[in-house]
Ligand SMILES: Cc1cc2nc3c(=O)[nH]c(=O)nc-3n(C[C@H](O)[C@H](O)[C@H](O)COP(=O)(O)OP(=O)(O)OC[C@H]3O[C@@H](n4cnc5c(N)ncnc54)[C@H](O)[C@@H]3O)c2cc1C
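There is one chain below, alone, in C-alpha cells, taken in the form predicted alone.
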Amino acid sequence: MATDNHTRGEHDYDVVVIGGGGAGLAAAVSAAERGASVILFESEGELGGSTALSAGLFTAAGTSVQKELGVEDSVDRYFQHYMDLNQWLLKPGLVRRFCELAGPTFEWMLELGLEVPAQISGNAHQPGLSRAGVEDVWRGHVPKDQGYGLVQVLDRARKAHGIDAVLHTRVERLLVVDDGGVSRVAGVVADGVELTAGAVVVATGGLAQNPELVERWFPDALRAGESLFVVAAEGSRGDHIAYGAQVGAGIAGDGWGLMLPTAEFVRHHHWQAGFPPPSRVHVNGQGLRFMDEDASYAVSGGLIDAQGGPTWMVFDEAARVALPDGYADWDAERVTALVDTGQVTRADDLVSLAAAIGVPADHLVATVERWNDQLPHGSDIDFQRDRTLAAKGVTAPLAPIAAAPFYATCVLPAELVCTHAGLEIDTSASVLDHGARPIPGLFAAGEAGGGVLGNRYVGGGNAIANALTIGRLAGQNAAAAAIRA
C-alpha cells in the first residue's frame, strides 16, 4: 500500500473516529474514558446515523434487567443460539467475544443514563424486555425514547469528555505511514487537510444508500425490484469499502444484509407506513399457508424466499376498513386506490381472488377456512401464531377473514435495513488484511466492521448491540494502540 510522508511521533489526536452513529459514538466515548484525545467526523448534519432511526433494541444476555425479571440467561446460551441461527458460518471466536461483551456494554449504557425499565415489553416500541427474534429466552432490551434515546445518552457522554464532533465532513481517505517497514494507519484526510492520529476507528455505517455497492455486496436486495426501498441513514454510503481497499483490508459478510418482508406497495419504515391488518393469511403460489404471519424477521424473510415464487397476503373488507387513519401506506382509502394500480387485487369471493393472483382456488378456499377455524378461536395448531401474538400482548382472538370483497397483495423482502459486508475484524476490533493479519492503527465497528452480523439476522437489536458493543471495544483498543504509537 502507498504511504504518506510522515514520521512516527506526536500526533494531532490519539484517536480519530469516522462516523457519528451508535458505533462511532460508543468508540469515541470509550476511547476518551481510557484517557485518549478524540475527534469524531460525521458526514451528515447531525449525529446518530441509523441508530437514531431505530427502535433502539439491544440484544444481550445475563443483564440486570433480565435478572430483575427472573430471566435466567448466559453468554453460553446466547452464543449457541447466535451461531446456530447463522449456521456456524461466522468465526466462533469473534461471535463469542461479542456475546461476552454485549451484557457489560448494556450495563455501561445504563451507567451512562440509558433507561430500560425491568418490565415486560410486548413490542419494540414499549420500554422493557421483549422478544428479539426466535431466541430461547427474551434478550431484546427496549430503551426509553428508542434509538434517539441511545444517541442522546452517548452524545451527552461525548460532550462531557470534551470530544469534538465535526459535522458535514466526509473523510476522504486514510493517512498511512511507513513505521519501520510496516505500513500503519496514522490519521485521515478530510476537506484536504491531513490530521494525524495514533489510531483510527472506522464506524461509517453500511452501504445501503449506495446502489452500486448494494449491487456488488448485497445483490439479493435487488430481487425486490421496484418494491425495494431503503430505511438506513443517508450516510450509509459504504465509505468503509473504499478505506479498506486503500489498505488491503479483507471483507467479511459479502452477500449478507437485512431485508424486512413487507407488502409490495409499502415505501416507508413501518413507523410511517403503518401495519398490515392483524387478520391476514400469507399464502404461496400453491395457495397454501406457509408461515406464522407475525414471525420474527430473524426468519420470516427466509421463509418467504424458500417458497420459490410470489407469495401473497390475503385479507378481507372488514380488515381493510379497520385500518387506522394517519399512516402513509396501510390506510383504508389508499388500499382501495391501489386496486386501480394493480398493486392490490380485489375480488368478490375467494375463488375469483385465487384466479386473479394465479393460485389454485380450492387450496386458497381451504386455507382460509382452516385459518378461520383456528385463529378467531385463539389457536393456531399449524404455525403457532397464537403464541407469537401472546408474546406481543395480544389477548383478543382475531376476526375471521370472511367479509367480501377480498384483497391480496404480494408480500416480499423489500425493506433494506442494513448491510453486513464490512471490514473484517478480529476479537480486538482490529481490521485484518487479506492475509488475516491486523492492520496497525486501524479498527472498525458497526456495519463497517464485518463478521458479527451474519447470514441470518438474530432479531431486533442485533445491529444496535453490534454497533455499541464492538464500537466500545474498538474505542478501548484504539486508545491503547494510540498510546503505543
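Note that the coordinates shown come from a computational prediction; the quantities given were computed from them, not determined experimentally. For every residue, the number given is its place in the sequence shown, counted from 1.
One more form of this protein exists, namely the form predicted together with the ligand; it is left out here, but the text below deals with it.
Of the stretches 426-434, 62-70, 27-35, 40-48, only 40-48 has residues with a heavy atom within 4.5 Å of the ligand in the model of the complex. Though the ligand is absent from this view, in the model of the complex it lies within 4.5 Å of a heavy atom of just one residue from N372, Q384, Q119, T169, which is T169. Only one of L175, A232, V281, A414 lies close to the ligand in the model of the complex, with a heavy atom inside 4.5 Å, and it is A232.
The shortest heavy atom separation between A474 and the ligand in the model of the complex exceeds 4.5 Å. For G450, no non-hydrogen atom is located within 4.5 Å of the ligand in the model of the complex, even though that partner is not displayed. Residue contact with the ligand in the model of the complex: A203 places a heavy atom within 4.5 Å of it. At a distance threshold of 4.5 angstroms between non-hydrogen atoms, A467 is in contact with the ligand in the model of the complex. For the stretch 183-197, the set of residues having any non-hydrogen atom within 4.5 angstroms of the ligand in the model of the complex is empty.
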